[in-house]
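The data below hold one chain only, encoded as structure tokens and taken in the form predicted alone.
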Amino acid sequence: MKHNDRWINLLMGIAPIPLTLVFTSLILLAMGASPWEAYRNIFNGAFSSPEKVADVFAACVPLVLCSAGLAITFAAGQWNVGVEGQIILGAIFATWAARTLAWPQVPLLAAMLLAGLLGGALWGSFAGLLKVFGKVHEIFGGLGLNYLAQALAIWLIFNPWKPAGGATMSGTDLFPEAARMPHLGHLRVAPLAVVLALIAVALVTFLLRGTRWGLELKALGKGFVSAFTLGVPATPRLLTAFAACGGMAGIAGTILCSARYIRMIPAISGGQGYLALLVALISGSSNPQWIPFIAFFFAAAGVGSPQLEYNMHLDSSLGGVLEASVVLSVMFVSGWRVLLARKRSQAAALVSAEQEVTA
């Protein structure tokens, strides 16, 4: 029986891959395109040169940071949809440090990262405060804070931070050299950013698995009744979860404005927060160690999908369809696993009851 269970678990683990390929292939065939040619173009668009690979890593970093933060709020049973706003506030605080502090590169970058962490954590805490004291659901509170953060960014760029030649959607003036995160040679990836993302994943994995704080967050995720029964201080834990997630999103915002754009732009978040929700949905709060691999796949699909438009005259948004298909496939298989487990439990209970009656 155990041998069969092992094979079933293995099949369930790999099932989302063929499901995704079948679903996206059917869409491509319906559009009159070759699935093999489309997948080949996406792969070449992401890995055909060192520059493309570097772009994939650069796109992966903010996804990893935001997804690691979301694993914390998921553990507490909260949908922190306000990650977009937390990225923006992190970028705003980091931009303030870059424009204000005339320091050498190392202390200035450290100050920008700390400022970004603080900005994101504060914005995340607002979502938590709205949830706890305002009784506003975290989804609605997060979405409202996202729009507010976006409006604040636009106001800053078009007013106090506007370039000398006049405000444009291009953003602020370029950051001074000391405020720019060093790249790997001519490639557009910052090694420090990659290291920070990996440290974030390791830290979140340790916190959720090896600390009392992580255990209490999981108890809170089961419901306030469970948390109360175990003596977990629900409100402080909830607020720290939102603040921790916001802090990581704020660091992602710092990296975006310091390493990718080298300025503050109106659309600094670029939908990274919403995409990170999909990454976190797949990994779940129980497996944060898988976040870098899932985020890498999403980043590769995003970087490679423009080749569909260049070479096959297909909409590059098909890369997003591929990403969404992965999420749907994983959720479908997860639901099927739960259903099978429930049926097994019912069958075992029925056998146990029959044995008691016979005895």
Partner chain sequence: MNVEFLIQTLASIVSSSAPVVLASIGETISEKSGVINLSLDGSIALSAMTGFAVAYTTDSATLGVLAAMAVGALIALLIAFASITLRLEQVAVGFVLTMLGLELADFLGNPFVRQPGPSIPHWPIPLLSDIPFIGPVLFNHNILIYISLLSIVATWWWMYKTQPGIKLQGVGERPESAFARGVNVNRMRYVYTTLGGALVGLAGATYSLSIKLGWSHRHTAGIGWIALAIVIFGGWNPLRVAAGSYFFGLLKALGSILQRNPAFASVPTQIFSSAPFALMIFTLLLLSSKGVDRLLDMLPPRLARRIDRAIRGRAPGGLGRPFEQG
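Residue numbers count along the first chain shown, from 1. Computed from a prediction, not measured in an experiment: that's the story for all the values here.
Only in words, not in the display: the form predicted in complex with its partner chain, which the text now covers.
For the residues A267, L230, A151, L198, the 4.5 Å heavy atom test against its partner chain in the predicted complex is passed only by A151.
Contact annotation: of the candidates G134, G210, P107, P163, the single residue with a non-hydrogen atom within 4.5 angstroms of its partner chain in the predicted complex is G134.
Contact annotation for the candidate site: W36, L63 and L174 all lie away from its partner chain in the predicted complex (no heavy atom within 4.5 Å). Figure note: of the listed segments 249-257, 137-145, 189-197, 87-95, the one touching its partner chain in the predicted complex, with heavy atoms no more than 4.5 Å away, is 137-145. When its partner chain is considered in the predicted complex, L275 lines it closely, a heavy atom lying within 4.5 Å. Residue contact check for P18: none of its heavy atoms lie within 4.5 Å of its partner chain in the predicted complex. Of the heavy atoms in A341, none are within 4.5 Å of its partner chain in the predicted complex. In the predicted complex, its partner chain lies within 4.5 Å of some heavy atom of F332. For the stretch 302-328, the set of residues having any non-hydrogen atom within 4.5 angstroms of its partner chain in the predicted complex comprises H313, L314, D315, S317, L318, G320, V321, A324, S325, V327, L328, in sequence order.
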